Every structure is written in C-alpha cells, then in structure tokens.
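Take a look at this single chain, the form predicted alone, given in structure tokens.
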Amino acid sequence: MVKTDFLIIGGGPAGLCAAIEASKRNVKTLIVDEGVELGGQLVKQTHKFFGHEGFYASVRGFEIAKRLISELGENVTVMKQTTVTGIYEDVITAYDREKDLVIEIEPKYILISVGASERFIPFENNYLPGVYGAGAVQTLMNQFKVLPGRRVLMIGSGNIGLIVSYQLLQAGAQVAAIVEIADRVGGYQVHADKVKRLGVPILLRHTIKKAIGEEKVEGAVVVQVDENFNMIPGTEKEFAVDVICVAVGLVPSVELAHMAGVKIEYIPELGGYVPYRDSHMRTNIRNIFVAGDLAGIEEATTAMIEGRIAGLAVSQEITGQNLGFELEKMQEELIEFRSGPFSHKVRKGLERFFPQYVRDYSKNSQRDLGPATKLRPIIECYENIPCNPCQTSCPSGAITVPGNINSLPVIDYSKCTSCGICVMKCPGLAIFMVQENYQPGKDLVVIPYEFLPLPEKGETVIALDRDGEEVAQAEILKVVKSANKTHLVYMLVPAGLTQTVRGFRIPQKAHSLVCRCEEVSVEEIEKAIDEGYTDYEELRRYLRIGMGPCGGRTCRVITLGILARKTRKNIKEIGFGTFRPPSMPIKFDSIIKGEIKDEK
C-alpha cells in the first residue's frame, strides 16, 4: 500500500503544473504516468507555443516539459510506465509495467489529468497498416525519430493537423494535401499559412472516401461534400500516398473519472462527454479534481493553468494556507486566454458549470507597412489569438499588443531598430522583414526558416509566394542563426516583390550514383576527395566503392575519371587499384562444401 496526500494521475502539462504548486507547499505528492517519460503530449511537440512568457510563449513543447520536470520538488514521487487500472471507494489500483505488478494507492486527494484520446472516423479500408492518428505520427517522428512514411495525406485542418503536417515536412516527408470537410480551416491561420507557402494544398469541403491497398496503404481517394457533408459522386480525387494521418479532433478520456463516481455530462463544445467541475477544478466528489483535456479540449497553455489551479486548491485544503490570491491570479489568466474568438465554444460549454467572463481586445490590424527606405518587420497575423511574444521580445518597445493578449499587434516604426528578434520569437512564423531598393533593382526580404540544410551566403534559391508558387530566383545575402532554431534568411529578390515573396526553396541537386551496388553518389565521392582521399584504394576503403556484387566493373572507371578531374591529373597518373578474388560473389557455404569434397 502506497499512501500519499496528493495523487496525480497523468504527468502531462496539467499534472506537472499541479505537482509543482503542491511541491512548493510541501504537500506529499505522487505522479502516476503510463509514459516512458513525463510530459504527456509536450515531449513530442517541437513547435513553439503561443501565449505569453509567463506560460512559456516561444518555447518548444519538449523544452517546456524539461523545464516543468526540473521544477518538481523533492516531496514529489514519480511512477512512470504505470497505469491506474481502477478507482474504488477505499483504494486505487495501478499496474507497474516495468516491475510487472499491481500496486495499491491510498491518497487523500486525487487529480485526474489523463488527457484525451484521438477521435477516429470510418472510411473504407481504414484498418490498413499506414493509417495513423496524428498523435501516433508525432510519437513516432518526434519522440522515437521514426518517419512513418514518405508521402502523407492529412485528414483534418485543426491545429493538430496543421502542426503535424509542418513537422512532417521538417522531417523530410511529403504532404500530398490536407483534407478538411468544413468550408474553412479549423486551426490558426498562421499555422495554415506555414504549410501553404511550402506548397501544401488545403482541400476544403472534402473528406476521405477510402484507403487504397491490399496489405498496406498505397493510396487514398478523397471526395467533395455538399453543405450537408454528403459525398458528391463524380468528384473523387486519388492520391498516391503510403500514410493516411487522421487529425479530426480529440475525445476526453473520462473512464477513470466515471469509475470514481464523478458526474459526466455531454457538452459538445468541450469535446463530448466531460466531467463536471467547478472553477477550482473540483468535481462533485469532494476530494477529486480534474484538469487539462479531460476537463475540455483546449490548448496546452490552459491545461497548465488549470493544473496550477487544482494544485493550489488541493494545497490550500491540505495545509490550511490561504492561497486565495494565487488562485485568483490563475483565474484571471484563464479569463484572458479564453477571451478571444477561438475560445467562444469553450466559454459556451463552460457556462453549463459556472459563469464565464471575457475581456475586450482590439480587432484592428495594422495596414501601414512603414517607410520603404528602412528594413522593417511586417506582421501578417490577422486573427485574434492569445499571443504576445512579439511585444515582450522587442528591445526597443516598438511593438505593442494593446489591452487584451488576444489583440492584434501594432508597430511603431519610428522605434524599430530592425533587429529581427520579433521574427525569431513569433510562434506562428508570421513576421517577415522587408526593404525596397536595397540594391539597384533588388529588394531585401527576411524569412523565418526552420528547415535543414540552411542555405549559404551567395547561394541561388527559388523564391516562393504565400501559396508556395515559384515567383523568381533570389540570392542569399546572409543567414542569422538563432538558438531557438528559428533562423533568419536574408534574400535579395527582384524589385517589387517585397509583398509577394514569403518563402524559398533550395534547388535540388541531381543525385547521380556512381557505385550502384553500394549507392555511392558523385557528390559523396567529390566530398571525400575534398577531404583528402585522393587515391582510389583510399576511396574504396572509405566509401566501399567497388565492394558490391559487380566488383567495380562499372564504378571503377567512373571514379578514376572523377579523381582525375578533381586532382587535375591525367588518368594515366592515377593507379587503378587492386583486383582481388573472388571475381564474383560466392557464398561461404559453397566454399566450405568444396573444401569438404576435396578432403574426401
């Protein structure tokens, strides 16, 4: 029997923040989490968060997880790879997968912060290998460094679908299209703009009809829908893909809460069935609290705030301290984050439990683009989302987000120093810098860039518009690297394109194989020669040229020609290496059989 004051089921953002608040007040706390590491969804989120710096704005999700874990006090015990299997009147049971045993836990207070599971949709052949949920793709790709496939069709244009599409592109996969059944993008426009300027089409009023393939996904058929979401015959489109990624929303994981006797209500605005809770995250069961996506599908930032509220409320009851000021402060944070238009549904859903409040915010976007003679930022963020790192990061105070954090930012160009910090900090990659007539016939455009490899000074690239369409050739003026991995790429573009160019593509070099057996390319051989491998035998040992089944019949002469060109020698001056037996691949088994026969 494990006894504790405060049991937290689920070590994601809500659970970790609750534990931090409890540990500050010396509350004996136990976190039980079924993951291999704490952090929940944070550990697989490589994008930067919105919000303000008090809740890790412009910090990437996996880095937030590390920070939260580092704040846990010594009075917090953690049990990982452990799943709570039952909540009974007098005890809680949990299965420890590492030790292969069931344990019993007796807590005074409980926070259930187990998050949500992925919503799925029926379509023909959706059982085929290659059909994934977006969370599974993120886990494979960002947590375990496994790319699920090379060409992906994304179903759903909410923030998760848009973010995972962008991360797939970063990992080297292709995204054939994003399919959305509604008539508008479901997530933030800045997320949609990021993938659109990389050339990914978003098909509105479409849905998936079937997956193609026998033993695995080899393609997909999508179809248009009418205003009632019925499929329109004859509008089918076929895509050659090896992955279908489904990102159509989340469902709160209410199983444990219901098991514990918590009142469950169906509130579609919060994601479906959710547990009752008050403004302090307490359920109808006095000692049971809930927080995070289990309490209603929202952003990770609101999950962290809810977790802190639950941790403060439990700490207040256990220690007897008056934490009213701290609780009120967290409540004010929630009100501000939920005041924007994207939280309208959440506010409507929460009205079922307790009154909701909003703060005014500015809906006016700035259209004054500043003086053409100066390098200056252009903010292309036209939606009221809770975010202000552009304001807090500006060293000269040139950017303000007036009033509510959901207001649109405004620039005072007379104060701007053209430092570019706001471009690096923007979580939505929605800030660019431009200057007309930087050189005769050339304008300057500065792009935030999060891909590898980085371009090099003087390199020629293909400039792209907001839809990923090629508009011109551009020259890289310089690259400013950033510690947060959002780098600044300064590009010279033809005059008149400062309001058009919003991305670029590095031209792909032709990949020509010399040694087809060992898949050694011209580029690899040239690079090795530049590194000092100027003898054929050295190259052979270093790159395995000629060590394949053909024994170098094709690649030896080609390699010698590349050596002669790169070293500026006559091919006669270069030794052609040594020919070694066997002249063709022979199995060891055949050699052994021959020796045995000779002995007989």
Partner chain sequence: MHTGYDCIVIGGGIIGLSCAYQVAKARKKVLVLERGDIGSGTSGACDHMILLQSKAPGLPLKLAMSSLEMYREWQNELDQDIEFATRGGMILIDKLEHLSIMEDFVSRQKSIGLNVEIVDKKELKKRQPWISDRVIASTYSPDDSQVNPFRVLFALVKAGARLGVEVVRNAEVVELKRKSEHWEVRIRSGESFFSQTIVIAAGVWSSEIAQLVDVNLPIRPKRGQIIVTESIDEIGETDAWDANYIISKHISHLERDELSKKLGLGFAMSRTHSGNYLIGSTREYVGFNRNTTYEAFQAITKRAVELFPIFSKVRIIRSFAGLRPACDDGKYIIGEDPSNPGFFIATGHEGDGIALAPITGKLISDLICGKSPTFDIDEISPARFRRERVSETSKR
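Only the largest set of C-alpha atoms that superpose within 1.5 Å between the two forms is called the rigid core. Residue numbers count along the first chain shown, from 1. Worth saying up front: this structure is predicted, and the values here are computed from it rather than measured.
The following text describes the form predicted together with the partner chain, which does not appear among the structures shown.
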**Asked** Looking at the partner-bound form in the model of the complex, is Tyr533 within 4.5 Å of the partner chain by any heavy atom?
**Response** yes
**Distance check, Met547 to the partner chain in the model of the complex, heavy atom within 4.5 Å** = yes
**Message:** Even though the partner isn't displayed, in the model of the complex is Tyr542 close enough to the partner chain, meaning a heavy atom within 4.5 Å?
**Reply:** yes
**Any non-hydrogen atom of Glu538 within 4.5 angstroms of the partner chain in the model of the complex** = yes
**Asked** When the partner chain is placed as it is in the model of the complex, which of 354-362, 221-229, 524-532, 71-79 ends up with heavy atoms within 4.5 Å of it?
**Response** 524-532
**Message:** For a quick check, can you give me the residues of 567-583 that have a heavy atom within 4.5 Å of the partner chain in the model of the complex?
**Reply:** Arg580, Pro581, Pro582
**Message:** When the rigid core is used for the superposition, does Ile574 move between the shown form and the other one (threshold: C-alpha shift of 2 Å or more)?
**Reply:** yes
**Message:** Glu238: after superposing the rigid core, is there a C-alpha shift of 2 Å or more between the shown form and the other one?
**Reply:** no
**Prompt:** Using the core for the fit, does the CA position of Arg286 change by 2 Å or more between the shown form and the other one?
**Reply:** no
